[in-house]
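One chain comes next, on its own, written as structure tokens: the form predicted alone.
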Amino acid sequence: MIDVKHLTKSYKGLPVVDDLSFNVTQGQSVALWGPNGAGKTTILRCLLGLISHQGHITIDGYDTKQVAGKTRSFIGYVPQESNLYGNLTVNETLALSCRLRKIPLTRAREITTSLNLDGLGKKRVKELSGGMRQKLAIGISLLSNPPILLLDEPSSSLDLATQHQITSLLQSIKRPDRSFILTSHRVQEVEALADRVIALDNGRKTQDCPAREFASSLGLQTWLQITLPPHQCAPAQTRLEAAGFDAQQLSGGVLLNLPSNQRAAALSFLHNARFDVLDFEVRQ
């Protein structure tokens, strides 16, 4: 579906993406992982044919340099910051997107129903919560029913509960004939959505591995934030430390610093000790 060969992009003589090659098969989900400046967003912009580059990218056999319009027609894109018109309503935003893409307006109604946006149709975009704006951006990306979705930090800047909602939504729209490429700083999001992880550093590929192995193979030490009832926070920290975990008390729970393969053990320990785990988040 997607074939990237020797992709290189430099700004002012400095390489941002350096001789990168990878492929994504139909239905596969691939996460691009790395620190800020690793080249993740630049790769997405190259896939979209928005910036010049060296090397070759083909999508469904079409060269992005030769037929950028054709290759973009295969792609739905959700940027990190969606530039939606705040004064338009949800219905007007979807209708405008349909007209620009020459898509029947009936498709907008299908999207509002499938994403549970029906009750928000007359609400202005600027009145929506961050999570609802992101859900709308995902809906726009799906209007053309694309076989490829590019997702740039899809749950960044959202609160914990909304991050989980967006991750669940993205899981629900995965299917055997739709490929994902996403960038993310969240271990939990990568493990939930990706089949493979390509780790990047200074624009170069440092690792390409199954998502279930990436945290351990990269030696990632993760933070596990566990939400508990307020009266259980101090006792939970005491019990966790006695069991050998590195735990800190928070106002709404505890924070553990631990290897990725110990996260389940920590949660099981609290459950078996009859603590009420209300929620949890994994951070890198």
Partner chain sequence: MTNQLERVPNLRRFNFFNYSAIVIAYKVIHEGRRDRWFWSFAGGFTLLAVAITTTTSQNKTFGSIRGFGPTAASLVALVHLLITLMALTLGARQLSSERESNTLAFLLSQPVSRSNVLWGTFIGHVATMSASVFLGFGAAGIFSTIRGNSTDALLLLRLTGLTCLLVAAMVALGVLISTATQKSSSALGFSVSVWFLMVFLGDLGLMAATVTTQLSAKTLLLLALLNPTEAFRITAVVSLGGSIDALGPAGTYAIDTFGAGIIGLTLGVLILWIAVALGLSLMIFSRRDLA
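Positions refer to the first chain, counted from 1. C-alpha atoms forming the largest set that superposes within 1.5 Å between two forms make up the rigid core. It should be emphasised that the depicted structure is a prediction, and the values quoted were computed from it without experimental measurement.
Unshown form predicted together with its partner chain; subsequent notes refer to it.
With the partner omitted from this view, the residue of 84, 128, 160, 115 that lies near its partner chain in the model of the complex is 84 [heavy atom within 4.5 Å]. None of 135, 164, 72, 178 but one reaches within 4.5 angstroms of its partner chain in the model of the complex through a heavy atom, and that residue is 72. If you check its partner chain in the model of the complex, you find no heavy atom from any of 174, 185 and 265 within 4.5 Å.
Contact check for residue 51: a heavy atom falls within 4.5 Å of its partner chain in the model of the complex.
Although the partner is absent here, residue 88 sits close enough that one of its heavy atoms falls within 4.5 Å of its partner chain in the model of the complex.
In the model of the complex, residue 65 stays away from its partner chain, with no heavy atom inside 4.5 Å.
For the chain shown alone, residue 149 is not a contact residue for its partner chain in the model of the complex, no non-hydrogen atom being within 4.5 angstroms. None of 202-210, 91-99, 166-174, 188-196 except one has non-hydrogen atoms within 4.5 angstroms of its partner chain in the model of the complex; the exception is 91-99. In the model of the complex, its partner chain lies within 4.5 angstroms of at least one heavy atom of each of the following residues of 1-36: 9, 11, in sequence order. Relative to the superposed core, residue 175 shifts its CA atom by less than 2 Å between this form and the one not shown. With the core held fixed, residue 107 shows a CA shift below 2 Å between this form and the one not shown.
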